[in-house]
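Consider the single chain below, provided in structure tokens and representing the form predicted on its own.
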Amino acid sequence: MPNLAQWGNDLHSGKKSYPFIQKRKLWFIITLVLVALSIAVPLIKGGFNLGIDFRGGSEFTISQVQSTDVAPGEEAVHAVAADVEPHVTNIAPNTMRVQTDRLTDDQTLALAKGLAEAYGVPTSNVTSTFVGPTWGQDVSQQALIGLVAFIVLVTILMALYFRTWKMSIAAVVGLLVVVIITAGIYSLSDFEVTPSAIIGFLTILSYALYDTVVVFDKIRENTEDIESRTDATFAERVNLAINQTLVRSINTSMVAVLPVASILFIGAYLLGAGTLRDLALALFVGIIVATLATIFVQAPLYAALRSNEKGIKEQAARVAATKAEATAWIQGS
């Protein structure tokens, strides 16, 4: 069994190093392919699977049920409206929820009676309501405003904190990559887009930013005296920073993703609870993608943005000359 502590020490000291920066073109190509696929998936499928809060419809809640099987609910819906596709879920102990497209008043009364008979409860235990799409549209609009405000503030604050706008650009590009890929995977899973999922998407931005700041802080520490160094180039110092924070990034993501995975498993397979499931899937995918984006997108992109600076090129030339002199001296001695 490998010694994880020794592995972490070797990464921190530079004894062991993975070429994250040297292979940045490969990471960028993979990222562009994933982003393109993430955009293509919902387009090919005709959009996201929007929940009732966004498309509107009828919703029934049946309480004090003895069985949480979804089949009776689906059969009751088809008996009243054969062409309607129902969404039946167990949202709490002894409570079922049935969502459909908007029904007429007669269909609503007939379905309420049918659901009571299907689950063996009095009609008074079945409540119905119509959910309009306006509320969901308001949530989407507010979420979009929140996303734009978040990105603007992140750009300004990171530029002030790190004293370079190139770190801001790299961080924001990474955040957009995280959101797009997470949304693509969410669409591929065919989970419903609910207000809980929107909350999950916004939450992962905070995690992604936290992970990015940790790595960028180490990059700044490693490169603050870069112009006076002759032992390593700027790209090599950035690569060292990624390797030095690799163990921390993995540990942090594991600590964050394991509880979310438990919630996702419980929500999807044990309780069938839509709210838990939707929120957990967005968080689960987002945390993993955010961790990978910091390592393979944001830090390499920052190195790429600075690679053509005059000072960085001159420092790289001095490092190459110093290494060439050292090699010649060793070979001549």
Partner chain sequence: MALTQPVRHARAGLIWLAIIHVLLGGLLAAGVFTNQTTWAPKLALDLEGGTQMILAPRVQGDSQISQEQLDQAVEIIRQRVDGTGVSEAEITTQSGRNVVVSMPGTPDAKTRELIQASANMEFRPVITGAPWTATAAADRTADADIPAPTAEPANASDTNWITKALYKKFEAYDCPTELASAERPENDPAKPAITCDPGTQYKYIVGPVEVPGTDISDASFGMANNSQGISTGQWAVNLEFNSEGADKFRQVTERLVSATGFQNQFAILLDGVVLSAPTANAVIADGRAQITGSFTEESARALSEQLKYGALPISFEIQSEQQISATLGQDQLKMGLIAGIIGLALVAIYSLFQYRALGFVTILSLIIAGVLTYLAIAILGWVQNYRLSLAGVAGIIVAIGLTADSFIVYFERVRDELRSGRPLTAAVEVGWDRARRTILASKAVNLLAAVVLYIVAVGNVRGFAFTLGLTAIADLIVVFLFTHPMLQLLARTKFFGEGHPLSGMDPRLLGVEPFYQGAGKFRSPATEGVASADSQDDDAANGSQRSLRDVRKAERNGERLTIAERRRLQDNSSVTTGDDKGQGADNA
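Positions refer to the first chain, counted from 1. As the structure is a computational prediction, the values presented were derived from the model and not from experiment. Take the two forms, superpose them, and find the largest set of C-alpha atoms that agree within 1.5 Å; that set is the rigid core.
The form predicted in complex with its partner chain is left out here; the points below concern that form.
Open item on the list: Since only the chain is shown here, I'm wondering whether residue 220 would be in contact with its partner chain in the model of the complex (any heavy atom pair within 4.5 Å).
Closed with: Judged by the heavy-atom cut-off of 4.5 Å, residue 220 is in contact with its partner chain in the model of the complex.
Task: 4.5 Å heavy atom contact, residue 252 and its partner chain in the model of the complex - done: It does: once its partner chain is placed as it appears in the model of the complex, residue 252 has a heavy atom within 4.5 Å of it.
Task: Non-hydrogen atom contact residue 301 with its partner chain in the model of the complex at 4.5 angstroms - done: No, residue 301 stays farther than 4.5 Å from its partner chain in the model of the complex.
Task: Touches its partner chain in the model of the complex: residue 119 (any heavy atom, 4.5 Å) - done: Contact check for residue 119: no, nothing within 4.5 Å of its partner chain in the model of the complex.
Open item on the list: For the interface check, one of 72 to 80, 165 to 173, 178 to 186, 119 to 127 should have non-hydrogen atoms within 4.5 Å of its partner chain in the model of the complex; which one?
Closed with: Flagged stretch: 119 to 127.
Open item on the list: Please tell me which of 109, 92, 84, 159 lies within 4.5 Å of its partner chain in the model of the complex, judged by heavy atoms.
Closed with: Partner contact (heavy atom, 4.5 Å) among the options: 109.
- [ ] Residue by residue through 29 to 52, tell me which have a non-hydrogen atom within 4.5 angstroms of its partner chain in the model of the complex.
- [x] Not one residue comes within 4.5 Å of the partner.
TODO: Take the rigid core as the frame of reference and indicate whether the C-alpha of residue 177 shifts by 2 Å or more between the shown form and the other one.
DONE: False for residue 177: its C-alpha shift is below 2 Å.
- [ ] Please say whether, between the shown form and the other one, the C-alpha of residue 206 moves by 2 Å or more once the core is aligned.
- [x] No.
Open item on the list: residue 215: after superposing the rigid core, is there a C-alpha shift of 2 Å or more between the shown form and the other one?
Closed with: Result for residue 215: no, shift under 2 Å.
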